[in-house]
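First comes one chain, alone, set out as structure tokens in the form predicted on its own.
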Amino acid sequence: MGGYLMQKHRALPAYVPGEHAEDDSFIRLNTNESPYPPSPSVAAAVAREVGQLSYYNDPDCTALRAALAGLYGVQPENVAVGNGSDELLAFAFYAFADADHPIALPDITYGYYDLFAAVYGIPLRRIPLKDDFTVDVDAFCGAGCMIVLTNPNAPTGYAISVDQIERIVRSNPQSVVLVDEAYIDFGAESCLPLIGKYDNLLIVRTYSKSRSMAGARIGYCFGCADLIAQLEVIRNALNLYSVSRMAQAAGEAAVAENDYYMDNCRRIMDTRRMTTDALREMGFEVLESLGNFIFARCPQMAGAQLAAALRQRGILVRRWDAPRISEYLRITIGTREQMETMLEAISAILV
């Protein structure tokens, strides 16, 4: 590669997102979006901000941080907000690790972590998941470096308990333990109560999954006040105004209608159960997910072949070429009707 890009950046890996389809020609079960729209007040809140676009947004996201703090029973100084959880994850990697201070993480997890590490020159210590795809908790205890865990994990959907997370946090007192709770609202238990006990725990969340706003780009995180202040040093230096006034208004409105979103989460969990049971009846191996997706393998057909056959029928699912998981499909839970359509398609494919 020629041009002006610095040599150190020329070998950066590329994150490959799920296939993007703007229209309704596909059933999108490949990007872990919510199948339900935002709550009714969100559009009105965004519309009210349009006339204010000539003014800068609040760089401190004061109202949104206060709303989130009230919802979750913490103080505003325990909360930071970013342009999607990916921005906060990037800030955390930059803040708490470097070339001399590696990050330990599972070998099968959210792929974007690799990009952050590559950009910032951070070595990664990949700790293999066990044969059953569960996290090897003992291997993270006493790791002596920053730890990053997605809980529930992606793409497997498995979660570890709060007690297990506490063991990891307690055994690494000199290092930040970052727990990415992007999927926490779909049945797992949050480790949020632990931030009052440990000053090295950072919990990152997103509006993209349970709050139906993947396109709004809103992320937030929790930690002790001092840890959040340290993260804010980096946010203020790199991207102070990153959360638009429309996103802040949308996020605050969604907090006010939290029951709506939690009802949707319960609907998704019910549909997840139905889909899991139906696929198992067809002979699939399906992991017991606590995310808004399932991870499934079809013994009768290769994963790539099944994904391609579903795409031909207008249904997108996600698959990776990594050796341990190449035969598995990650299937987002859509509406019950969408999942029934997918199940009918699979039945037809396997005939």
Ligand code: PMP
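Residues carry their position along the shown sequence, with the first being 1. Note that the structure is predicted; figures quoted are calculated from it, not measured.
We do not show the form predicted in complex with this ligand, though everything after this point is about it.
Though this ligand is absent from this view, in the model of the complex it lies within 4.5 Å of a heavy atom of just one residue from R245, R217, R125, R170, which is R217.
With the partner removed from view, the residue among F222, Y113, F96, F140 that has a non-hydrogen atom within 4.5 Å of this ligand in the model of the complex turns out to be Y113. The stretch among 178 to 186, 236 to 244, 195 to 203, 270 to 278 whose residues place heavy atoms within 4.5 Å of this ligand in the model of the complex is 178 to 186.
The closest heavy atom approach of G84 to this ligand in the model of the complex falls within 4.5 Å.
When this ligand is considered in the model of the complex, L89 lines it closely, a heavy atom lying within 4.5 Å. Interface residue remark: T150 is counted as part of the site for this ligand in the model of the complex, having a heavy atom within 4.5 Å. When this ligand is considered in the model of the complex, S208 lines it closely, a heavy atom lying within 4.5 Å.
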